[in-house]
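Just the one chain here, the form predicted alone, laid out as structure tokens.
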């Protein structure tokens, strides 16, 4: 049975390896999955679980390359360029900047290395660069649905102020989600809601994001709702309790099914989240790359979903989250 390799990369070289792989012959397939996040990113561990399972199912050798810290795009680019130079049989990667990766991805195409984007795509899709397909969520639409879902539990006749937490300003995944939320809120205003909203840089760290949200609320007591562009907004639950905010006083919503978010949902501080099924974002690219190499089949886009999860749904999804597949 083939094993997968988990590595963290520096800008120059692979610096940490976990796990092992069997010796493989020249005709074995080797795939690499790359992200711009650190190994401590809980969400990406679910993507890795999907990758691991697919690599075992299809008996291929795989590795996932993290950066040493969340959001280090230059390190991610260097990892991608290094991987292309290794002549692997397939690559899956995020595109979080519309211009940064274009030359590297074009070089992969010139070398005949099939490359699929996962989780985050070029905002222009296939017109933006030469990747073969995208497997992931419609990020803009998902942000729209979060804002829409939050307002369901709020009073249209009362003043509402929504804080939009932009985790990584300038990165397309965060901009798209908050852009979608902002569009729905503007539509609500046009529909007669007495509503205002403001966007801040909320960072991409549980404790930092929590503190930034709480500091904002301390200075803006009219705040009635928070939309986070990922799962880090759930870190605000602890400091909101310290501030004396009761469950339901401030409505919060965002993305993914990581443990801290589900815990805050059970405590009443998170109203909803969206499941984009990261397991599929790890499993399906390996499956597609396998079929491309073995049978010459074409890659195809997959929208992995925007299912709204509310407190009453926690019991049905929590066990799968604990298993690392939701």
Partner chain sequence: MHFKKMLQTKPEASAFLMLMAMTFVFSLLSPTFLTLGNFQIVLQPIPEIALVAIGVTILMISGEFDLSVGSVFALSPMVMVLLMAAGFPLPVSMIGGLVVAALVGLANAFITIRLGIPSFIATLGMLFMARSMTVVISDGFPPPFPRDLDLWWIVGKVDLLRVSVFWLLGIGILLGIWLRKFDFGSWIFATGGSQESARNMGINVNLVKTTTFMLCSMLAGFAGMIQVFRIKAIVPSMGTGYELTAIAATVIGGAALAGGVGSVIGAVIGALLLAFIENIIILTRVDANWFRFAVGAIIVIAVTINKMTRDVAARAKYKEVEDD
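In this text the structure is predicted, and so the values were computed from the model without any measurement. Positions refer to the first chain, counted from 1.
One more form of this protein exists, namely the form predicted in complex with its partner chain; it is left out here, but the text below deals with it.
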item: In the predicted bound form, residue 125 touching its partner chain (heavy atom, 4.5 Å); value: no
item: Contact of residue 169 with its partner chain in the predicted bound form (heavy atom, 4.5 Å); value: yes
item: Non-hydrogen atom contact residue 242 with its partner chain in the predicted bound form at 4.5 angstroms; value: yes
item: 4.5 Å heavy atom contact, residue 293 to its partner chain in the predicted bound form; value: no
item: All of 145, 302 and 304 with a heavy atom within 4.5 Å of its partner chain in the predicted bound form; value: no
item: Candidate from 250, 206, 106, 183 lying within 4.5 Å of its partner chain in the predicted bound form - any heavy atom; value: 206
item: Residue (of 97, 102, 238, 89) lying close to its partner chain in the predicted bound form, criterion heavy atoms within 4.5 Å; value: 238
item: Partner-proximal stretch of 280-288, 56-64, 34-42, 293-301 relative to its partner chain in the predicted bound form, 4.5 angstroms, heavy atom; value: 34-42
item: In the predicted bound form, residues of 201-220 near its partner chain [heavy atom within 4.5 Å]; value: 201, 205, 206, 207, 208, 211, 212, 214, 215, 216, 218, 219, 220
